[in-house]
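In structure tokens, one chain follows: the form predicted on its own.
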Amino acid sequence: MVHGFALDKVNRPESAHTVPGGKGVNVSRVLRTLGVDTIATGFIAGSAGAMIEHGLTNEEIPHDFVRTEGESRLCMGIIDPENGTQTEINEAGPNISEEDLNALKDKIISLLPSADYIAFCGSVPAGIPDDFYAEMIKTANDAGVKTVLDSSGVQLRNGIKASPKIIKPNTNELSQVAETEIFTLEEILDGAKTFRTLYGVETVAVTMGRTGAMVIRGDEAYAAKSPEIEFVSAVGSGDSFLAAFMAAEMKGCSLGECLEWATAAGAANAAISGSGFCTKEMIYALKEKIVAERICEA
């Protein structure tokens, strides 16, 4: 956290935290918080990768990574509460060889028999083909595992075509796929319907920042407003949203209840510093302030 952050000057943080991150790790962290068994996988490399493993072990988050050459990327988030800004600096990360890519595919396949859900989250490093998520989604679907996709750009566009069961774009990512700017609830709903009709996506949950979120499945569509909080950082709020949505669905909650739990987790994360470190107590308290409203017959 840097008060008065500015370019071309020395900035001295008031506080700093170094923790394992990445969208998949954040999702696993919140799932663990909500009492759901989970395992994080993907690529790790170098000393940064060793730090990730060490940190997750300390947090008691199960993990099973593929080690590759190079260094896992460092991502820095600079929060300036004085000016209300959030600046992110993300390294590129390692270049993945075909051998390591195949090792990850084998790893994922080996984990499927013990999984009910698998979430494909975030961007991918250099060397990964544009249809990687699509290929893995099809493999998981064929194995009877419920597939979840939270990505952007080409991985999202191609991944949707493999018919994941759940997708969670934000409005910007939805606009990229739709190739038109999407702003209103009606436009978001139309975009979500298109994914369902063209690609067989069962559930589309769209986060809308401080405005809230909406979800559509079958003939149901709900919207929920975010509760009032003392905002700290949005980093990881979408991941927290997705984790809570999955956890609620696993527990048999209705679609509207899933949206309420997810919105509560996203808001709880935004009220703290650090991705996915919201507590169960925070999520439960905010859930009481949220009502998912049926918005139409989808």
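Owing to the predicted nature of the structure, the values given are computational and were not obtained by experimental measurement. Numbering starts at 1 and follows the sequence shown.
Missing here is the form predicted together with a small molecule; even so, the following discussion is about that form.
In short, of 54-62, 28-36, 265-273, 246-254 it is 265-273 that has heavy atoms within 4.5 Å of the small molecule in the predicted complex.
In the predicted complex, the small molecule sits beyond 4.5 Å of every heavy atom of residue 42. In the predicted complex, residue 193 stays away from the small molecule, with no heavy atom inside 4.5 Å. Interface membership of residue 127, defined by any non-hydrogen atom within 4.5 Å of the small molecule in the predicted complex, is ruled out. Taking the partner from elsewhere, residue 237 is found to have a heavy atom lying within 4.5 Å of the small molecule in the predicted complex. Using a 4.5 Å heavy atom cutoff, none of 155, 188 and 217 lies near the small molecule in the predicted complex.
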